[in-house]
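Presented as structure tokens, the chain that follows is alone, the form predicted alone.
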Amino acid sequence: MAKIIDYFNESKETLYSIEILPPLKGESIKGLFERIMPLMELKPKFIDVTYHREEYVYKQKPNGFLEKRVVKKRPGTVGICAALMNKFHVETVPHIICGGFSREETENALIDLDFLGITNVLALRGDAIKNEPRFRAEPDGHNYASDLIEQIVDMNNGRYLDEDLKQCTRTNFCIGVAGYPEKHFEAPNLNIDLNHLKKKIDLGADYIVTQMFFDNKKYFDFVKSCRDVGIKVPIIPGLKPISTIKQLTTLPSFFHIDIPDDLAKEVSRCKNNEDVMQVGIKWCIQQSKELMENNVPCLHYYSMGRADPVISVARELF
């Protein structure tokens, strides 16, 4: 199967891709297929599938005490990737995270992906478990995305955790990583964040996909800053059409990003979410056109479980 980085290097036009969420546990993959079918007709170059780590829930027992349970609300990332490849003949990029995995479990997950012919991954640290103040790695797990990248690169070079294994099969993963035009919220400043990002590239990551942003100047400034510190890999802008009034506050809160004044004012004037979605689509189309004029390799759209706004944007542009 093809590597994402080859698409970026070989294409003379701006490509587009989408990121989707796995269905909630108990839901069918059929609903996901139905939602993204119109997008597939527009031929995205690849599809990212997010991975959602475990959460803690508390169930009351008959004796009145609370029992702490671990649940995964959106399992199935690997299976969805394989199903999408089989049904739509499209490359998929599963997210691989540090949280919830030991190094051994990570190795086994990567072996499964390799057996399925999945050759692209997005390597992320991942978030802390909800209601926990900070990220904590599993025993014998990775604390940072850079550690995860090292393990993937080792497997690409035929080095596995068991040192007694000789002449191991080399995997062939193309590795994407995340970049933050408005800096990662845990980084003290942008320069330190860029140094962490450069470390991931120096270790062997092939491309960067950014956190969503709504002001293209932040992306252009970020790219320049990356180039200034010696990061030369493709940097893919991540975009999302705002679709609800609530997102005016939830997106900045959850993703630690800014909403430009002009967009915030337009959304605030909307009477309902249908009006907001139209504003969001228009803004995203304008963003996309400017980025395409500046020859970005690819536009990466975050669907966040709702494909309709992305479909409207893609139909206008592709």
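All residue numbers are counted from 1 along the displayed sequence. What you are looking at is a predicted structure, and each value in this text was computed from that prediction instead of being measured.
Only in words, not in the display: the form predicted together with ligand FAD, which the text now covers.
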message: Which is the contacting stretch out of 214-222, 165-173, 189-197, 151-159, given heavy atoms within 4.5 Å of ligand FAD in the predicted complex?
response: 189-197
task: Determine whether any heavy atom of residue 115 comes within 4.5 Å of a heavy atom of ligand FAD in the predicted complex, and answer yes or no.
output: no
- request: Using a 4.5 Å heavy atom cut-off, state whether residue 127 contacts ligand FAD in the predicted complex.
  value: yes
message: Taking any heavy atom pair closer than or equal to 4.5 Å as contact, tell me whether residue 97 reaches ligand FAD in the predicted complex.
response: yes
- prompt: So in the predicted complex, does residue 145 come within 4.5 Å of ligand FAD, heavy atom to heavy atom?
  reply: yes
message: Within 4.5 Å, heavy atoms only, which of 110, 226, 178, 90 is in contact with ligand FAD in the predicted complex?
response: 178
message: Just to confirm, with a 4.5 Å cut-off on non-hydrogen atoms, which of 122, 239, 242, 205 contacts ligand FAD in the predicted complex?
response: 122
query: Within 20-53, which residues come within 4.5 Å of ligand FAD in the predicted complex, counting heavy atoms only?
result: 50, 51
